[in-house]
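In the block that follows, a single chain appears as structure tokens, in the form predicted on its own.
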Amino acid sequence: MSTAPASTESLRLGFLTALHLENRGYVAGLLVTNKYGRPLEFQCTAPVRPNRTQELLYGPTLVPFLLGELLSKTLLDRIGIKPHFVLTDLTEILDSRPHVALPVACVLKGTTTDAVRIGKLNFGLHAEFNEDSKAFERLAKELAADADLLEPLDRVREALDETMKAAA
């Protein structure tokens, strides 16, 4: 799949984040929007709660596995309207990149020299996929310089909260 959309009208962004729910595990949500932030599709996972044996065996790799490999990949495979780019606020979700054919970037707190600037924020990439920087540089040129790319992630978290409350 090409990461360059045919036109800016067809540009689709994926906003992917997750929540840790006390006594219920982790749940992830993916919102696909057009370039103006209007929703095109939303999907979320059911909560996944690792058992004690998994916690012991996976150790510090458990959360990156759950968020990056298991939940994120599931959402990106399942979503009907595929995004051209995936943006997240959780570094563990960057671990989805080796398992999906889409460029994934994580908002960085602070500044760094190897960041890609998109809108008002700096984003980091998966260490093994630095070539994604070219795709994100093209994205930055297509979006407004003052684009707030955190706000859609807030919407995903709020939608996950609502969904989990309704399911409880």
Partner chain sequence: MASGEWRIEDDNKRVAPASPVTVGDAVASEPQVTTHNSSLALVAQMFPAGHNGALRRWPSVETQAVSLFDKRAGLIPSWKPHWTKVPTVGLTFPLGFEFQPKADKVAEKDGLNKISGPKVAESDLAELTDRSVHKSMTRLKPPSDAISLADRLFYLLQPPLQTMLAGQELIMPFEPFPYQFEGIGWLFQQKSALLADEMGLGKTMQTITAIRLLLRAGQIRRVLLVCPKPLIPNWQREFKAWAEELPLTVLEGDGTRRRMLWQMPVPVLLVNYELLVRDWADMLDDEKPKFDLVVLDEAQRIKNRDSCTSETARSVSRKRSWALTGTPIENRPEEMHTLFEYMTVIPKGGTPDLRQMQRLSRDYVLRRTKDLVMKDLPPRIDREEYLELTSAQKSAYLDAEQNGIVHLNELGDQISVQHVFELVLRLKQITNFDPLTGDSVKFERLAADMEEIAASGGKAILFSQWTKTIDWLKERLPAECGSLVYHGGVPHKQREPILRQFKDDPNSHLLLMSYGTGAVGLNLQFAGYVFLYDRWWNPAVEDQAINRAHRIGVKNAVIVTKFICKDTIEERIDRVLHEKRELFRAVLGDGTNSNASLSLTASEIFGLFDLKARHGKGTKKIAPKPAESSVDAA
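Positions refer to the first chain, counted from 1. Only a predicted model underlies this, so the values are computations on that prediction, with no experimental measurement involved.
From this point on, the text means the form predicted together with the partner chain, which you will not see here.
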Proximity of Leu21 to the partner chain in the model of the complex, heavy atoms at 4.5 Å: no
Partner contact for Ala135 in the model of the complex: the partner chain, 4.5 angstroms, heavy atom: no
Non-hydrogen atom contact Phe129 with the partner chain in the model of the complex at 4.5 angstroms: no
Contact flag, Val107 vs the partner chain in the model of the complex, heavy atom cut 4.5 Å: yes
Within 74 to 109, the residues that have a heavy atom no more than 4.5 Å from the partner chain in the model of the complex: Thr74, Leu75, Arg78, Ile81, Asp89, Val107, Leu108, Lys109
